[in-house]
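As a starting point, one isolated chain is supplied in structure tokens, in the form predicted alone.
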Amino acid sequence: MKRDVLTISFIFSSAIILFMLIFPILNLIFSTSVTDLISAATDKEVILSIYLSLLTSTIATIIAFLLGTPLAYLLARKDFYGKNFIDSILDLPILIPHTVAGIALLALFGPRGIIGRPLSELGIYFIDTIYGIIVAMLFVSAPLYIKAAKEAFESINPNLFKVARSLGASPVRAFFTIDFSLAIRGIFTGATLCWARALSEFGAVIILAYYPYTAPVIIFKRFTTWGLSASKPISALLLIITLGIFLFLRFLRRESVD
């Protein structure tokens, strides 16, 4: 009887949290008329903002993959001074308010910043440019990829790498044939999370690069200018597109595993 009460209480609490998580999404999609969706889908400014969000989030994810995978591997496999500190500091971009992240990036990559000043002399600017958008997205999303990749590498028996080395494989070959290939599922999951977080970023982006508009920024702009009726169709359209991409990525992941 006690187990039944526990199970029923868990089911009830689970139903509440699932309702809170799923119903707002379903309500947004199904309460938006087809006419409004078509209007948003034919709005050139909206389409350009969604395209920019997809492009910059993909670039940020690629950069996180290229630069974050080595760090994730070192954190998972090597012992070195400051390892725990680095592992802990990776949580900061996730924990701090993203407006604070935007201010920190602005101070660093702005025209008077340590990085922004010398690069601006070379004609590379981060304020209101695609470079600023990518930097802001990368800052808030890369830790998600690194953490997921680190866990994926940690799940692999290190003795497999040692066996490959004992059989004559070079460190590079052993890494790609053993560690990387076995961790690919976790790496793919981390990259998906990184991409999604980058795509949804608003706070850091709007401070560092308000223009050109990304999708979250133009939704905010339309909402503050014309209200819910103007921003709702764009939100529904972006949600449908991202859900479609997620379903496609899940299909690819399932096919790769099978």
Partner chain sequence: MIEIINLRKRFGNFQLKDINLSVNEGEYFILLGPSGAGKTVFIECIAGLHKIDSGKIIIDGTDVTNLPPEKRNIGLVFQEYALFPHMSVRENIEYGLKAKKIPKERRDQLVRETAKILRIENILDRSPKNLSGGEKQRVALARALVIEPKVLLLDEPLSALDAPMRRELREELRRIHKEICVTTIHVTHDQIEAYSLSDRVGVIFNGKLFEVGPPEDVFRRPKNEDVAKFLGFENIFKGSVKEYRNGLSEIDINGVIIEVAGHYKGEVTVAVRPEDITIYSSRIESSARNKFLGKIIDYIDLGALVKLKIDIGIPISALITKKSFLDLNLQRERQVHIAFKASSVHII
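Numbering follows the first chain given and starts at 1. A quick note: this is a predicted structure, and the numbers were derived from the prediction, not measured.
Quick note: we don't show the form predicted together with its partner chain, though the next part is all about it.
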Under a 4.5 Å heavy atom criterion, is residue 178 part of the interface with its partner chain in the predicted bound form? yes
Non-hydrogen atom contact residue 173 with its partner chain in the predicted bound form at 4.5 angstroms: yes
is_contact(residue 160, its partner chain) in the predicted bound form, heavy atom dist at most 4.5 Å: yes
I'd like to check something about residue 82: if you look in the predicted bound form, is any of its heavy atoms closer than or equal to 4.5 Å to a heavy atom of its partner chain? no
Candidate stretches 151 to 159, 84 to 92, 113 to 121, 131 to 139, one within 4.5 Å of its partner chain in the predicted bound form by heavy atom: 151 to 159
Name the residue from 71, 187, 108, 164 that puts a heavy atom within 4.5 Å of its partner chain in the predicted bound form. 164
Among 76, 103, 127, 169, which has at least one heavy atom within 4.5 Å of its partner chain in the predicted bound form? 169
